[in-house]
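Single chain ahead, by itself, as structure tokens, in the form predicted alone.
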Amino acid sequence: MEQKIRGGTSLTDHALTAGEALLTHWQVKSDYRWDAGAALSRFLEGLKHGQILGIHCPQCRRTLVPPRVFCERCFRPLEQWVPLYDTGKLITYSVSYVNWDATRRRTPEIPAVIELDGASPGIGILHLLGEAGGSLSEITARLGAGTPVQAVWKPAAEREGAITDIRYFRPVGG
């Protein structure tokens, strides 16, 4: 069946401002709440108390962070919580002189993937690095895959149960 396209008249600025077209304004109320779910809620509660929690899969024998309710490899439910260290090593990183809104930064931000001690090899969390140097050459001279890092926490009274309870990870040693 062929669809017939009918012509129309485009609205103009004049039609809208002169009242020749119906125009209405309304305020959208779109309040919402986000539920972190069972596994992530417990992980965030651990952060509030200065502890990083992982979850262990008895079938695959992997310890995962961030935790999840089932193993994505063997689809087994996960219930064995384990405390992890707030130390680890750098898997990879990027040096960014651009903000989220494409404006330039004077000092770089360094997002990184960190393999936490106590988690399975290759399992990492994304977080920021700090105290890594000021210039690009200082940063790249100091950082590389395997660089040991440690979490820098907010003071206990300021923690709220968010990933930002860890301010950043900093290189340690060397």
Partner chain sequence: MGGERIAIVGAGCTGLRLRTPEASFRELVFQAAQKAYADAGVRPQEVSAFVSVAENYNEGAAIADEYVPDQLGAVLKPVHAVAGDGITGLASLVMQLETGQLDIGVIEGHSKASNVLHPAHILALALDPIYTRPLRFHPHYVAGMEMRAFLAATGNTQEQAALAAAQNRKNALANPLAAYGASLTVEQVLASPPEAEPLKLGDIAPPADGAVVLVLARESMLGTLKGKPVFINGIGWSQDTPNIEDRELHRAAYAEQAAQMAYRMAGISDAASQIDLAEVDDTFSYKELQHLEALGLAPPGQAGNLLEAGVFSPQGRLPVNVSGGHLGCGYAHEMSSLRSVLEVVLQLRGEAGARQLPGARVGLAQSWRGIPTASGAVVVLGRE
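Positions refer to the first chain, counted from 1. Remember, it's a predicted structure, so these values are computed and weren't measured experimentally.
Just so it is clear, the following notes concern the form predicted together with the partner chain, a form of the same protein that is not shown.
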Choose one stretch from 134-142, 29-37, 110-118, 43-51: the one whose residues place a heavy atom within 4.5 angstroms of the partner chain in the predicted complex. 29-37
V69 near the partner chain in the predicted complex, any heavy atom under 4.5 Å? yes
Contact flag, C74 vs the partner chain in the predicted complex, heavy atom cut 4.5 Å: yes
Exercise: L22 in contact with the partner chain in the predicted complex, heavy atom 4.5 Å: yes
